[in-house]
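In structure tokens, the next block holds one chain alone, the form predicted alone.
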Amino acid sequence: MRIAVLSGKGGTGKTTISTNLSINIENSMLIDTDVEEPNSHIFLKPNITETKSVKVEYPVVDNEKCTLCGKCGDFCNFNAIIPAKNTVLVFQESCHSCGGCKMVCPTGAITYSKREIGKIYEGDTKFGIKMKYGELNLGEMSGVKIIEELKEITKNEDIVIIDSPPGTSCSTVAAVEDVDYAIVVTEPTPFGVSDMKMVVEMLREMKIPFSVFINKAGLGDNEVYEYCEDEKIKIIGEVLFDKKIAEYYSEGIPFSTKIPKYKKLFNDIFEEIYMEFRK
């Protein structure tokens, strides 16, 4: 079973909720697919036992075989390969490794090489669960390949909690695609509700069952509650705006380990989702 935890924007508490949920589910695994800014490991503090390099392919042009016909550039929608007056320019970071330029090249001038775009880290945590997280190298444009590998290497796990990228980008779609359930974390503020609506629209389009989790409840207004009621969206749980929780956050401590009522809350949330999954 795969449960994605996502949000409309960064800073709403997505990682806080996903880490606290995972440590309260026996035999679960957390994967952090927010590869541009992973921080679940700050809370779970894994003992890293394995590191894997993630690579993508990019085209290499043999200038002696190339006739500058331009077919490769015409094919590429991402301007990763552009024939110029005397040579063919290749922009490695823009390449999506589709292989199309090689297919259309009439002289066989294009081959492929590999380069690293990031890493995947794996380790055990003191909470009794395993975690894996990806980290995109600085300057890289897309972490989708890392996300796909994270999901591939955990496809046989029984229970996987996915800390997803914020928003509705390609990376978010890659992270939540094929999950069994999603939890949308939001804050009860006008900005939080506005960004959450885009995520709701995306999940409905992808036909993924979901509910809403309200973080920092009591901080803002009632708009999120009214929106969920109008849209018939279940609010599966909420955490109160609490200075003590903020202190635990700043110290990298999952707050449910310190406040027993939240341990029960996350247990209850998982049981509810699991029962719905089994229907």
Partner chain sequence: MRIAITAKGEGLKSMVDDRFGRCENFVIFDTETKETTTVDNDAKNESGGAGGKAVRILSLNKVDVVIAPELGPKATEGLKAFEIKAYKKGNSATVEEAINNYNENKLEEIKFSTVEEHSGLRKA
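Numbering follows the first chain given and starts at 1. Values in this document were obtained by computation on a predicted structure and should not be read as measured data.
Although not depicted, the form predicted together with the partner chain is the subject of the following passage.
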Any chance V56, T67 and S97 all have a heavy atom within 4.5 Å of the partner chain in the predicted complex?
no
Name the single residue among D124, D178, D74, E157 that comes within 4.5 Å of the partner chain in the predicted complex, judging by heavy atoms.
D74
Heavy atom within 4.5 Å of the partner chain in the predicted complex: which of T107, T189, T87, N137 fits that? Just give me the one.
T87
Only one of 87-95, 148-156, 161-169, 197-205 has heavy atoms within 4.5 Å of the partner chain in the predicted complex; I'd like to know which.
87-95
Would V173 count as touching the partner chain in the predicted complex under a 4.5 Å heavy atom rule?
no
At 4.5 Å between heavy atoms, is N79 in contact with the partner chain in the predicted complex?
yes
Just checking whether P83 would be counted as a contact of the partner chain in the predicted complex - the rule being heavy atoms within 4.5 angstroms.
yes
Taking the partner chain as it sits in the predicted complex, which residues of 125-142 have a non-hydrogen atom within 4.5 Å of it? Please list them.
M141
